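Below, in structure tokens: the form predicted alone, a single chain.
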């Protein structure tokens, strides 16, 4: 696809030209094209050996009737290059439009979101001048699996999916990242004091894999304490690995704590390729030649490292640092250290003028590759150890508006076959309301009715559901109850 940006990058000028690495470039919407232009000019001047393929994604694609925001030719380019440098995009308001980032992450298997967050003292003011942390967020599952249902007039649900394979992959990635990037501590944040099965699984996998990396210090924190502690003492963290939702929240909080979201780059990586982007939005109302291109530029530096062009990456990084040292700043980071307020184009030109220089107040970037290569984790396809799995009951969810919990219990018990699992508990919003419920418990029209027994069969569950239906009760969902090696694979009701 043709692009107005194509003439910007014509390859390395002068001397013998190495074989250029193909990359896909999506300029995006709003400020996207102008910061992409600035970044590509810097990469060209620095001698990056890349061959951009320009594609269009985002608002215009959405409005053409493509609900994913990405056309087939863009997919084809990404499949060829396996590297995407993407500007921010605008998603039209209103329903019916899918998240472009979520679509790309899941389609390409980009399971790891890597977000370096560091302060840039003394140039950019931050209350946390010693902050230098990398947040590694699982990208594909958890509540972002997007499995939601409206079940009654009053209740909607979202399924939280945590898998052993998904957890192992992202946690092993975090340890491999720490190993190759000379990081010394990996912290895992979960909420398994409440979500004992889902977050508990993530925690257990972390502990299992930590044993394989004895040289790396590890820590596990409950997410609410962990986030509270992080905003007070971010310098005490090194690498943090989290499930999807927690990672989404913490990475945005951390980016803001650095002093400017305009300085943040993001990497989405997996066995299907890698996506490099700034963390900020498209800012369609921002005037021209105002935006800070640094976030996308730092993402591009990581892209250069990813494709093995470490010398060029260091050259760009050092020129950017010298530009900051010299007081040439875009409007979002203007402060006491500012000598010249620069627009997008002027800032890019300043970086280009400083190529070949090394910073003095910042640690200079070095051109060397990691001593050991990063190993992208592959799924362990070994058959799991045998587990004794036994069906011991079923949770039947009922839409009921005709009375209190005791009346529902009487109706269910009257309908229940004697040969099979029996009613042992009713909960509402996770709180036990029968037997021995509390009159102060707020109840909706969504009731979980637990039936248990010994050596329960699927046939007995089918017979139970048929009897409940014949009694005129509206069951809307079921969940089978299993034990694994004698341990319950289901949560108890609060108050049980």
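Residue numbers count along the first chain shown, from 1. Only a predicted model underlies this, so the values are computations on that prediction, with no experimental measurement involved.
Just so it is clear, the following notes concern the form predicted in complex with a small molecule, a form of the same protein that is not shown.
- prompt: Can residue 311 be called a contact residue for the small molecule in the model of the complex at 4.5 Å between heavy atoms?
  reply: Close contact is absent here: in the model of the complex, residue 311 is far from the small molecule, nothing within 4.5 Å, heavy atoms only.
query: Does the small molecule get within 4.5 angstroms of any non-hydrogen atom of residue 336 in the model of the complex?
result: Looking in the model of the complex, residue contacts with the small molecule do not include residue 336, since no heavy atom lies within 4.5 Å.
query: Applying a 4.5 Å heavy atom distance criterion, does residue 286 contact the small molecule in the model of the complex?
result: Judged by the heavy-atom cut-off of 4.5 Å, residue 286 is in contact with the small molecule in the model of the complex.
message: Given that the small molecule is not shown alongside this chain, does residue 291 nevertheless sit within 4.5 Å of it in the model of the complex, heavy atom to heavy atom?
response: Flag for residue 291 set to yes.
task: Pick the stretch from 389-397, 87-95, 135-143, 351-359 whose residues have a heavy atom within 4.5 Å of the small molecule in the model of the complex.
output: Heavy-atom contact with the partner occurs in 87-95.
- request: Have a look at 39, 26, 464, 31 for me and say which one sits with a heavy atom within 4.5 Å of the small molecule in the model of the complex.
  value: Only one listed residue qualifies here, and that residue is 31.
query: Looking at 234, 226, 262, 421, which has any heavy atom no more than 4.5 Å from the small molecule in the model of the complex?
result: Comparing distances to the small molecule in the model of the complex, the residue within 4.5 Å is 262.
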